[in-house]
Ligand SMILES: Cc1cc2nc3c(=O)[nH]c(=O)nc-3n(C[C@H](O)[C@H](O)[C@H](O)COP(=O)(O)OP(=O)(O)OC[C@H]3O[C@@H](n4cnc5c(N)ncnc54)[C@H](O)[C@@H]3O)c2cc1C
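Presented below, as structure tokens, is a lone chain in the form predicted on its own.
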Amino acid sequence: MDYLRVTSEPDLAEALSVDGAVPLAGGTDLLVKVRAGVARPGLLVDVSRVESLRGLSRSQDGLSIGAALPLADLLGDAAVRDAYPLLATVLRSLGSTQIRSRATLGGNLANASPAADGALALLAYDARLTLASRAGSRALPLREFFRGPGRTALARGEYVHSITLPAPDANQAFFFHKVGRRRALTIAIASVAGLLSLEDGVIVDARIAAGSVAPTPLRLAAVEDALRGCRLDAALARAAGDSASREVSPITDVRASADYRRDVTGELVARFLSTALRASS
């Protein structure tokens, strides 16, 4: 396995055109796979010095995050924390302080784990990705990026350039909770993140994402559709939880059974809505 550090996107695009080349940012996911023999890249292309991939820019239209920006740097921006509290809450739970100083959103997404915490907040915020290569760049909704465990829509030679979030709704209620075997530094058995917009007790918009309960992180579209336009009450919260349990497609593995994951997902969705109901009363 060879190693190459690049400092510009043209050099990065050229390096990734080589068979077996894989981009390396923080390495918190990739190097674990390499050491375990799960991943065998022929060439590691270090992107940590490509400044155009480490940017963070805010505008009236939203937020653009460089794919190689360390999570600690993102969390260190007070304006981001205030405008996107769900993202900040999720990222604080992602690994340890040391991991967040190295890990990046681009790497977290490209790893394509069904349990990826960062993906849930970004899905709830309707994030879009910019993917780049020697042929140019293209935009893709994050919802279309994941193709299965460890599989993404990245074509040969492509890399994640940036993640864009639309301007936030300051009045949205937000929620994130994951269930795992430990209180900290745990891979989720099941997790739910959500945003909810209410007007006079009626749900104007609902965005709910779930992790570790399907081949990819996913938005619970059927639950969202059933909630919009409805008055939030205890019965609706329970019904949404039941619907969420039916919408996911978890597996049984060494960490939990499929039935348990379904039950937890339903409970977390119902808890989210019940919390929002109490806060609005």
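Computed from a prediction, not measured in an experiment: that's the story for all the values here. Just count from 1 along the sequence shown to find any residue number.
Not on display, but discussed next: the form predicted in complex with the ligand.
> Looking at the ligand in the predicted complex, is some heavy atom of each of 221, 265 and 270 within 4.5 Å of it?
Looking in the predicted complex, the three residues 221, 265 and 270 all stay beyond 4.5 Å of the ligand (heavy atoms).
> To verify the annotation, which of these, 133, 164, 197, 186, has a non-hydrogen atom within 4.5 Å of the ligand in the predicted complex?
Result of the distance check: 186.
> Which listed residue (203, 86, 74, 115) meets the criterion of a heavy atom within 4.5 Å of the ligand in the predicted complex?
So the residue touching the ligand in the predicted complex, by this definition, is 115.
> Taking the partner as it appears in the predicted complex, which of 101-109, 207-215, 133-141, 77-85 has residues with heavy atoms within 4.5 Å of the ligand?
One stretch meets the cut-off, namely 101-109.
> Is residue 128 one of the residues lying within 4.5 Å of the ligand in the predicted complex, judged by heavy atom distances?
Residue 128: no contact with the ligand in the predicted complex.
> In the predicted complex, is there a heavy atom of the ligand that lies within 4.5 Å of any heavy atom of residue 15, even though the partner is absent here?
Close contact is absent here: in the predicted complex, residue 15 is far from the ligand, nothing within 4.5 Å, heavy atoms only.
> Is the gap between residue 28 and the ligand in the predicted complex 4.5 Å or less for some heavy atom pair?
Yes, residue 28 sits close enough to the ligand in the predicted complex that at least one of its heavy atoms falls within 4.5 Å.
> Using a 4.5 Å heavy atom cut-off, state whether residue 173 contacts the ligand in the predicted complex.
Contact check for residue 173: no, nothing within 4.5 Å of the ligand in the predicted complex.
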